[in-house]
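Read the single chain below, which is given as structure tokens and is the form predicted on its own.
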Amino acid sequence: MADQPKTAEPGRTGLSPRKKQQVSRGIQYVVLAAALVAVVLYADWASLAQNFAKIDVARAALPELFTIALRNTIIYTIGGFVFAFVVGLLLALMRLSQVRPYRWIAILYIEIFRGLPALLIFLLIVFLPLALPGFEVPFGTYGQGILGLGLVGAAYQAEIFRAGLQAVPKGQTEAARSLGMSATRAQVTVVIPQAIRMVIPPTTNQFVALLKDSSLVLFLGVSGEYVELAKFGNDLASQYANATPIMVAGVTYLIVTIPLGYLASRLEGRKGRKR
């Protein structure tokens, strides 16, 4: 008996999965191209250039953009990062401590400062002298900015360190103790150094986050020689009634954060290959 011709199964389009993917990608490319054409045709490029990329206004931001604004941003960020690094490590050790009150204090701190908006922390610092008459944050405005960033960053850094400390194999501690080391010495000389190496990638990301959060320093009412990038761009934008300085400040942030983000990705990739 002659073979009967095969008929397509009900509900089948006749396209292979690979062909469907090609058709789907083609449709997406067409939609994307149409969107780009629409933007090019309908955007008012002259107005955008006038309000967001005015050369003479951008030139007016120099050299203070780098000598004052970027310098202060880096000071606030590095100071806050050092504060967060030290306090975060201490909190992580307290969180893992056998002493319950230490664990309670660490958990309370971490939950509060991770749960509150960073902006609210900076506003509380502004009103701190009212709650504590006569108290002054060391180093003035720089100290206030560093304190705000450090308090918030320490809560996140503590969780990063806690993950790193828990990732160190317990055999490392047991081997150190078998060599006659005390528990404290084994923690300081064996466990903590390994944990720090493990958390370098997320710590780099945390540094980038603090760099961006340094823009909140403007809510401290900084002015003059203490301004950072966001405040600097906002002040110039108000002075010239033009958004170009804000764009310049944004580009300056990107010049710093993009390489750091790329570095963090490379470190994470290298860490993944070593596993």
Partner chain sequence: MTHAIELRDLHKYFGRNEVLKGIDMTVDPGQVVCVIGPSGSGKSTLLRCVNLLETPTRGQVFVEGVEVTHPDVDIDAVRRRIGMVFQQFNLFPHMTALQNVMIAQQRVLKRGKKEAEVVARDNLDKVGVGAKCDALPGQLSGGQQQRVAIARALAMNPSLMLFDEPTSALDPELVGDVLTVMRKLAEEGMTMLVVTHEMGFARQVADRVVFMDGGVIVEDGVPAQVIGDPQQERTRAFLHRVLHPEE
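Numbering follows the first chain given and starts at 1. In this text the structure is predicted, and so the values were computed from the model without any measurement.
Quick note: we don't show the form predicted in complex with the partner chain, though the next part is all about it.
Contact with the partner chain, judged by heavy atoms within 4.5 Å in the predicted bound form, is confined among 108-116, 201-209, 164-172, 84-92 to 164-172. In the predicted bound form, the partner chain lies within 4.5 Å of some heavy atom of R185. Contact between R177 and the partner chain in the predicted bound form is found at the 4.5 Å heavy atom cutoff. Although the partner is absent from this view, S97 stays clear of the partner chain in the predicted bound form, with no non-hydrogen atom inside 4.5 angstroms.
Using a 4.5 angstroms limit between non-hydrogen atoms, G140 is distant from the partner chain in the predicted bound form. Relative to the partner chain in the predicted bound form, residues M181, V190 and Q194 are all within 4.5 Å by at least one heavy atom. In the predicted bound form, no residue of 71-105 lies within 4.5 Å of the partner chain by any heavy atom.
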